[in-house]
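We begin with a single chain expressed as structure tokens, specifically the form predicted alone.
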Amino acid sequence: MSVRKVLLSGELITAIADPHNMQHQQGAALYAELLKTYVAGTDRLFALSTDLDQFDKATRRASFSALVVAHVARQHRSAARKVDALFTPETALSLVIIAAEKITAVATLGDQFDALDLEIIKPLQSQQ
């Protein structure tokens, strides 16, 4: 059985952490489902260090301890600058990490990854 590698997008992480975010309920529900698959051993969850750096250690330990931190280095930033201009700098950086870590799925609340050859995980329509 192969383990699916799932990157949580920055917007999803922000929505999970902020109860006042308009997408918090959707994000929290999606994260709860991903945590179930993590515990079952079918998913390995990733997040960019740049997305987690906005939180203090206590928040990271309490809310995001299941996530593997994909550390963003200078060479990743340099490679992201060479990615197609159709993508935002944040999405370009995610694409570089996706390639480096051989990630096959992205959990997100937005549509910035929809055109890519990846499995896109979003909240169920009933949760939106």
Partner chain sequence: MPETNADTAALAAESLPAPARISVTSVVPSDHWRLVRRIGMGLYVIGYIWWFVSKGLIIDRISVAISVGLFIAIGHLGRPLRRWAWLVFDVLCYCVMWLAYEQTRGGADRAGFPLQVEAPRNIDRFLFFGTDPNVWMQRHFYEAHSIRWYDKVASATYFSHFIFPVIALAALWVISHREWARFMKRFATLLFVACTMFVLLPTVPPWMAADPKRGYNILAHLARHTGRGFSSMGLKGFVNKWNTALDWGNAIAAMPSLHASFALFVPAFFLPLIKPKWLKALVLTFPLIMAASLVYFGEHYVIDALAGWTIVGASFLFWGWFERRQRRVRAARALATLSLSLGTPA
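From a predicted model like this one, the values you see are computed outputs, not experimental measurements. Residue numbers count along the first chain shown, from 1.
We do not show the form predicted in complex with the partner chain, though everything after this point is about it.
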Hey, in the predicted complex, does residue 115 get a heavy atom within 4.5 angstroms of the partner chain? yes
Might residue 90 be said to contact the partner chain in the predicted complex, defining contact as any heavy atom within 4.5 Å? no
4.5 Å heavy atom contact, residue 48 and the partner chain in the predicted complex: no
In the predicted complex, does residue 52 come within 4.5 Å of the partner chain, counting heavy atoms only? no
